[in-house]
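Given next, in C-alpha cells, is a single chain: the form predicted alone.
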Amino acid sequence: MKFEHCIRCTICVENCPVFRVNPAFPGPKQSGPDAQRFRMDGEKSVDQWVQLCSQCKRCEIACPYGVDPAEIILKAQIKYAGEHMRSPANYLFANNYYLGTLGSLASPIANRIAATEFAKRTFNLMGISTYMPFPRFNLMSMNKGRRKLGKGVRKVVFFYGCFLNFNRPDVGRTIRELLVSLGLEVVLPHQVCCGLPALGNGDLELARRFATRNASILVEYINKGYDVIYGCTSCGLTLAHDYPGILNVQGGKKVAENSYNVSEYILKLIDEGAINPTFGPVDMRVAYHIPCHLRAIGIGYPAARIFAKIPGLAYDILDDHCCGLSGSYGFKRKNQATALAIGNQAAALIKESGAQVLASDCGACRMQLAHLSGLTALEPSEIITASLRKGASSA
C-alpha cells in the first residue's frame, strides 16, 4: 500500500517502541506516510530523525490498512545515507559480513583485543556502543566443515546467517543436526550475508549484491526440489519480504515462497505426516521472547506450538516488547539510551515471569535480553533437541 492510504489513525505510533521512550522520534506515522507527502524528488533529505527508527516492523504489523510505514522510512533512511556522510559505525555494520569473516579467521586475537579498554574507547570514538560485550567470534564458523549431511526424501538448504556463522556456530550446528535427526538431507551451500545489515545502514547497492548472490544459489537448489530453512528471523524476513520487495532481485519471489523458519518447517513435516517425533520431558520454565521480525513474517509462533508438545516444559509467551537491540541499531552510541530503555522493559517482564531461562528465535534478542536479565538465552531448537533426545532415549 502507498502512503496515501494512511488514514492517520496513530495505531502504528501506539505500537512503536522507539516513540515510547525517545521523544526525539516523531513516530512511524509522522516519519513515514505523513512526511512522505512533503518529500520532493530531487530535493535533498533533511529529516535526520528518520535514522532513529529501528526497523522493528511493529508499525507495519499494527497498520489496519496495509500501509508499510517502516518501508517508507527505510527508503528515506537510504536516501538520507546516500546524501550525507555515513558514520564509521554505519560503514562498519553495513560491511558486517566482511568484519565477521576477518574476525572469525583471527578470533583468538580479535576477541582479546575487543575486550580491552583501549578497544572500547576506540569503538566509542567511532560511534559504537560498548554497554554490552560484543559477541565473540568463533574460528570454527559454519562455513567450515561438511556441506552436505543426512539422507532423506525431503531435502533442505540451511541458510544460517552471519550471527550463527561467525559468532554462534554451536547453535547453528545444533539446528543442522536437529534437521538431520528428523531424516532430512541438509545442504549448507556457500552463502553470504542476507543483506539486512547493509540495507539497515544505508548501503542499498551492497545489500543488493549480497541478495543477488544468495538468490542465485538458493534458486538453483529450489529448482532441484530443496526447501530453504533459515536460522534467524531477521534473515528470514529479509528473504521473504525484501528479496522480492525493496531489493527486487532476480529469483527473489521464488526464494520467498520456499523459505521456512526452522520450527515452522518441523511443524509442516508433522502436519503432513512425514515425521512423527517423540518428545521427551524437559522440566524447565522458559520465558519465550517473540522477536519483532518473527511477528512481521506472519507465520505465528511455531516454536511455541512445538513447546506445547513437550512434557514438563512450562513457558510464557512474551510478545509485548521489542528487545531494543534491533541488530546493529543498539550497537550505535547514538541509539544506546533508546536500546536500553526498550530492552529493560522486555527484560523486566522476563524477570517477573520466574523463568529459569529465556528463549528467542533471534540472536540479537538473545544477546540483549541475556545481558539485561542475567538469564541464559537459548535458541528454541536447543530446547526441541533436548526433548527429542529424551524421547529417543526412552523409546
Partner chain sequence: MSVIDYDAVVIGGGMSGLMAGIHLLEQGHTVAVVSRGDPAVCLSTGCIDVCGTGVDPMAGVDALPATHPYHLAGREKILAALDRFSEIMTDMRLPYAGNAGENRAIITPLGTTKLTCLVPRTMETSPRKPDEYIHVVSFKGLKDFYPSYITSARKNTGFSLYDAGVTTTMGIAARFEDRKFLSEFITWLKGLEIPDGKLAFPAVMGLEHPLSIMQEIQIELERWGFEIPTLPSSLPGIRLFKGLKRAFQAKGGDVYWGSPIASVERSAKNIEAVTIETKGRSTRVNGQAFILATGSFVSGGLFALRDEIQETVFNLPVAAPGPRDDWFNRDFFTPGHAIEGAGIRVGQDFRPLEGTLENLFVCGSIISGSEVMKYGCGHGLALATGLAAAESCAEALK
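The model shown is predicted, which means the values in this text are computed figures rather than measured ones. Residue numbers count along the first chain shown, from 1.
Beyond what is shown, the protein has a form predicted in complex with its partner chain; the following relates to that form.
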{"query": "Single option in V286, A296, L74, C193 placed near its partner chain in the predicted complex, where near means a heavy atom within 4.5 Å", "finding": "A296"}
{"query": "Option touching its partner chain, based on a heavy atom within 4.5 Å in the predicted complex, out of Y260, F137, F158, F307", "finding": "Y260"}
{"query": "Stretch from 358-366, 343-351, 329-337, 39-47 whose residues place a heavy atom within 4.5 Å of its partner chain in the predicted complex", "finding": "343-351"}
{"query": "L237, heavy atom within 4.5 angstroms of its partner chain in the predicted complex", "finding": "yes"}
{"query": "Y80 within 4.5 Å of its partner chain in the predicted complex, heavy atoms", "finding": "no"}
{"query": "Contact flag, A106 vs its partner chain in the predicted complex, heavy atom cut 4.5 Å", "finding": "no"}
{"query": "Close approach of I317 to its partner chain in the predicted complex, 4.5 Å, heavy atom", "finding": "yes"}
{"query": "Site test, T10, A256 and H321 vs its partner chain in the predicted complex, non-hydrogen atom cutoff 4.5 Å", "finding": "yes"}
{"query": "Heavy atom within 4.5 Å of its partner chain in the predicted complex - qualifying residues of 16-42", "finding": "F19, R20, P23"}
